[in-house]
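The chain below stands alone and is given as structure tokens, in the form predicted on its own.
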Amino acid sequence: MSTPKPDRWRALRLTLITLFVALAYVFAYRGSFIASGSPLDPRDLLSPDLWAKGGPLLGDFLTPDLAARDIEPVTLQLPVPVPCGSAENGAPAASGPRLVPSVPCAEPRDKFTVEGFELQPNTELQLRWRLPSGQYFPGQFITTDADGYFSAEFEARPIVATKDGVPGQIEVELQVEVGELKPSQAFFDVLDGVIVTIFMALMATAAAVVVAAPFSFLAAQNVTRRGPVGTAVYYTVRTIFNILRSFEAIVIATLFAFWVDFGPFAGVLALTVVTVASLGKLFSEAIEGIDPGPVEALTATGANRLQVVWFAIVPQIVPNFVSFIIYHWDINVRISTIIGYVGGGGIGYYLAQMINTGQDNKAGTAIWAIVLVVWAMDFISAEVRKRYT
């Protein structure tokens, strides 16, 4: 029976791989149709409705909350004598934030319209009466539009009647920005979260190195896999590393959060478990890839196993170990953002809070901070690796 020629075999293999990829794509497409109820269509990304919904959100993310002015309450008041003639009529301002009633005065139980101009846009305010005694009588809540305007119907209650020549006043309390721009509270909150995130990653990486480094020798077959006991130890440690690596960091973080409570401690524990498994695998593969020459030379001189490891293996793996450690610290900074999103502390926890409460500008501040930190960590880790490896 003749065997296929190499060229034909390569062509057949390429054809089979192509068919497999095409079938996988078809099944993935059908799966998305079943899950969403409608087929995926890239043209949906250009839909005007989609951009109308996502445009403002994208705008908020692109305008982070970095600076702000101090906020002080300011009360707008305008006298409206009840009944007419009991006091001098109030004169609305011609410009700026102002209240403008449809009548200069009113009789008890009269209803009139009050308009507000140049107030805070898209803000809920309470329109109320300031009584002649100085106390206030609450009125209805109103919401200004995008231009800071509102119009509401108001009633002149007998309780607001002029007393001893002092008229009742309609008023609304505003929160007005005053003073110079300075770093916002969101800026300081994000800075605090970033610092926590960086040190979470550092602590987890350091703890993982202490555990993973010695166990990686047990997971390296050229060091441990000798005899029944060594083989059993090798497979046991490799299995543990593989089991730990099979769980996503976010799942482990959720478990630790319910165990030791939500916060950075749970995040550090989750990162440590993930990093032990990942570094253990990388370290063991680095050990397996060493040059066997020095090992054979020392073994021939009668050196024991510990001496062989210390003088023949360790000098060869230090550069790789340093590279893996620094690189994984960089990775852990990114992972800690996701872990924080499920209660593991750090900038991810802050980001989740801002998104869940609809404070998109503050969420944008956190996102830009994450981008800058990841970029800086990538640059620093690359420079360190070039210097020490």
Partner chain sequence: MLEVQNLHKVYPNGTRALTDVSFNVEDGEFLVVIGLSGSGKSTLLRCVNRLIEPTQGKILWDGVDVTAATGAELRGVRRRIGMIFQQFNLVKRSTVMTNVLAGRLGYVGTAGSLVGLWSAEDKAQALRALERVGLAEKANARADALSGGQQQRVAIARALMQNPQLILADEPVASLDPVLSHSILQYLEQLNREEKITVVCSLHFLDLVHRYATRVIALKDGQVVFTGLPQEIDKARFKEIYGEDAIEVKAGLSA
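Numbering follows the first chain given and starts at 1. The model shown is predicted, which means the values in this text are computed figures rather than measured ones.
Just so it is clear, the following notes concern the form predicted together with its partner chain, a form of the same protein that is not shown.
At a distance threshold of 4.5 angstroms between non-hydrogen atoms, L306 is in contact with its partner chain in the model of the complex. At least one heavy atom of T299 is located within 4.5 Å of its partner chain in the model of the complex.
Contact check for E72: no non-hydrogen atom falls within 4.5 Å of its partner chain in the model of the complex.
By the criterion of a heavy atom within 4.5 Å, A312 is counted among the residues contacting its partner chain in the model of the complex. Between its partner chain and the residues P83, G230, P294, G148, the one pair within 4.5 Å by heavy atoms in the model of the complex involves P294. Proximity to its partner chain in the model of the complex, defined as a heavy atom within 4.5 Å, holds among P108, P319, G90, P97 only for P319. Figure note: of the listed segments 286-294, 74-82, 140-148, 164-172, the one touching its partner chain in the model of the complex, with heavy atoms no more than 4.5 Å away, is 286-294.
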